[in-house]
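Next up is one chain by itself, shown in structure tokens, the form predicted on its own.
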Amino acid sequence: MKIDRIVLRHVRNFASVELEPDGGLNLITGPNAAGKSNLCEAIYYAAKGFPLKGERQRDLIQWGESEALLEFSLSGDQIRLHLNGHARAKTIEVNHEKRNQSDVSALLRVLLFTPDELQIIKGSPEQRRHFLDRSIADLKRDYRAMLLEYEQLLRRKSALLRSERPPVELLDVYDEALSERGAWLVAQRRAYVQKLNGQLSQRYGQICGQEAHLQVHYETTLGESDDLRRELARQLAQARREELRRQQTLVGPHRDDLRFDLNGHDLRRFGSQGEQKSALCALLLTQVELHYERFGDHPILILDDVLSELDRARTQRLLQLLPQNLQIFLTHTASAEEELPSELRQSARRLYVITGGRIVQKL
């Protein structure tokens, strides 16, 4: 999968941009606040349907303008997104026919890695669940739909629990539906974690140059049960009284977590920053490979300012270990070309410098 051409009109700080990126490493550099992440966001938004930082769609449109255009040529397909700021509307076309976001997401598969990914290990359980759900949804299209159903049921049940006298019969209906969907989600999460663990230790060793045992543990309220639906239904029934008291659903996949262990030790509590960063590099390499196994080609990889978090040795190993035919958009902050690390200049197939809302190709 490769993007052959990018056209942006009135997107963030770009009035008009046209690029023909290389199929390998595209290095995007410039000073702070020049708009490097804005280019990454345009690709990510087209692929996922929401801005990189969870902001409003309207914020993607350049200040003072009422509409924006994003066009991508991709392996023979033409993708076009038109944003109307006045109507707060988005029109999507694929090969000149109106389509929906899921059609674009299937064509334009993107894997994103930013400094925020460090929170996968160091942050909250909610951040780790979000990583897990996002990663599975990238590989399995029906996962997102099932997750949304589960979350909608959860909100409705929570509203019911907050009412003065929740009817028991309706709570039973919600618990039955939550048990069915929650069990399915837990099964998919277990399977994905198992796939990660099949490669993580090897990838970690390649990054660090030494043997180590890196594993991800999926910590669920359902434990090791084989009959997930029955076990979740049992736990929901058992928790009913406490749920009524606390007015929230206390068991299910929305309460689960991930734990990263390195050589038997919890990486979040006992790992050094270097070990945590190496683990995330190993996780990224594994995700790239899982995409290839699932779809028969690699996703487009966006590395937005991640090198600020990695030392030069890890950066060099990561770039060497990424597949040669992988299209990468990598941003790096530098006020002048001469400030770029030599390993980046040597690896880059295209060099773009962003300044003043303009993108200039230097290589």
Partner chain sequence: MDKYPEPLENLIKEFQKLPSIGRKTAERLAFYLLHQPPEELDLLSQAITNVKEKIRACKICFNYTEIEHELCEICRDPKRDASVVCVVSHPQELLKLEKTREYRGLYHVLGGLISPVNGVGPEQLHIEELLVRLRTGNVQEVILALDPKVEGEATAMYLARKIKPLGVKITQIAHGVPVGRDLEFADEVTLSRALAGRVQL
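Only the largest set of C-alpha atoms that superpose within 1.5 Å between the two forms is called the rigid core. Since the structure is predicted, the reported quantities are computational estimates derived from the model, not experimental observations. Residue numbers count along the first chain shown, from 1.
Just so you know, the form predicted in complex with the partner chain exists too; it's not on screen, but the next bit is about it.
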Though only this chain appears here, would Arg58 touch the partner chain in the predicted bound form if you measure heavy atom gaps against 4.5 Å?
yes
Looking in the predicted bound form, any heavy atom of Glu149 within 4.5 Å of the partner chain?
yes
Residue-level question: is Ser75 within 4.5 Å of the partner chain in the predicted bound form, judged on heavy atoms?
no
I'd like to know whether Asn197 contacts the partner chain in the predicted bound form, with contact meaning heavy atoms within 4.5 angstroms.
no
Quick check: do Asp142, Leu153 and Ala177 each get a heavy atom within 4.5 Å of the partner chain in the predicted bound form?
yes
Which of Leu250, Ala191, Ala89, Ala237 has a heavy atom within 4.5 Å of the partner chain in the predicted bound form?
Ala89
By the heavy atom within 4.5 Å rule, which residue out of Glu224, Glu169, Glu97, Glu211 makes contact with the partner chain in the predicted bound form?
Glu169
To test your reading of this chain, name the stretch in 120-128, 214-222, 161-169, 289-297 whose heavy atoms come within 4.5 Å of the partner chain in the predicted bound form.
161-169
Any residue of 91-107 that, in the predicted bound form, places a heavy atom within 4.5 Å of the partner chain:
Asn100, Gln101, Ser102
Rigid core superposed: His217 CA moves 2 Å or more between the shown form and the other one
no
Core-aligned, is the CA shift for Arg269 between the shown form and the other one 2 angstroms or more?
no
Once you overlay the rigid core, does the Cα of Leu322 travel 2 Å or further between the shown form and the other one?
no
